[in-house]
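Here we start with a single chain on its own, the form predicted on its own, put down as structure tokens.
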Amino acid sequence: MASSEEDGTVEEKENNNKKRTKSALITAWLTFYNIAMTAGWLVLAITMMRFYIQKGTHKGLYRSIARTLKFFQTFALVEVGHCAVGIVRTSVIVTGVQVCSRIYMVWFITSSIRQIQNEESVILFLVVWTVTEITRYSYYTFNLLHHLPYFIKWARYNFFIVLYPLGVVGELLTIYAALPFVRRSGMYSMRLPNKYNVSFDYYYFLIIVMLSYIPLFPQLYLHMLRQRRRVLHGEVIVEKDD
């Protein structure tokens, strides 16, 4: 009996050690990831400020940061993976919608249509994204290090109240500005007849994308408001699984 109990204790210790090691590795990776993303968005912020100070205009700004923006925004797909494998307890659907919508804005709208890159709406959503991401990744980093300044916590759950709607306005105005160019050029569209016997009109697809903000934005915004009440005010909120 004693031997059996000792074997059980040894096995339990080994399992606990494995769990601690796994937890430490996950924490180390998440800390590294969030520090890297904070640094990346800080670089974007500094580059944008320097450009505007030197040039005195926003024209040409997007082109100057496009490569860096595409890299860090696309790299955020890793976060969907974090949710999918369970190392971060956040909805895969919510994270996926947020990340993929931004990647779409960067790759298939702003970077693809040069004529709209100098629109004020592009600068609007760029500034909003930059402030939001610096705040968000800083929050995660300090939280993982167990040294979370109250200002970072406050900023994370208050800035979005204004920034989120502004970002949506910037994105929608940018898509709207793209519509005439897409219609004239026929980009990403497929006309009949073709060997695939499939028709696709990117112009109308963009209109559908704009309309999709109507049901999606309130859900994401209310999700953040619930998180705000839970974190800042300690409310216990039970959310349905997505």
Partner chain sequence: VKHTVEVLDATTKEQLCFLDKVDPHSTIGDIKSLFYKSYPQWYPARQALRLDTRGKSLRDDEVLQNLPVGTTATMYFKDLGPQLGWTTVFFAEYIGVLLTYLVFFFRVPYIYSHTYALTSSPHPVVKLACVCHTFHYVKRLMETIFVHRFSHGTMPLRTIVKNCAYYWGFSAWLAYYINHPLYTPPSYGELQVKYALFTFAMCEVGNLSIHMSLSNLRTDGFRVRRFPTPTKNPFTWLFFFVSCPNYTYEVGAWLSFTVMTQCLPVAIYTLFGFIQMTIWAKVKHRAYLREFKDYPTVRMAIIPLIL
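Numbering follows the first chain given and starts at 1. Here the structure is a predicted model, which means the values were calculated and not measured.
The same protein also exists as the form predicted in complex with its partner chain; that form is not shown, yet it is the one meant from here on.
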is_contact(R184, its partner chain) in the model of the complex, heavy atom dist at most 4.5 Å: no
is_contact(N197, its partner chain) in the model of the complex, heavy atom dist at most 4.5 Å: yes
4.5 Å heavy atom contact, P193 to its partner chain in the model of the complex: yes
In the model of the complex, segment of 28-36, 174-182, 197-205, 64-72 with a heavy atom within 4.5 Å of its partner chain: 197-205
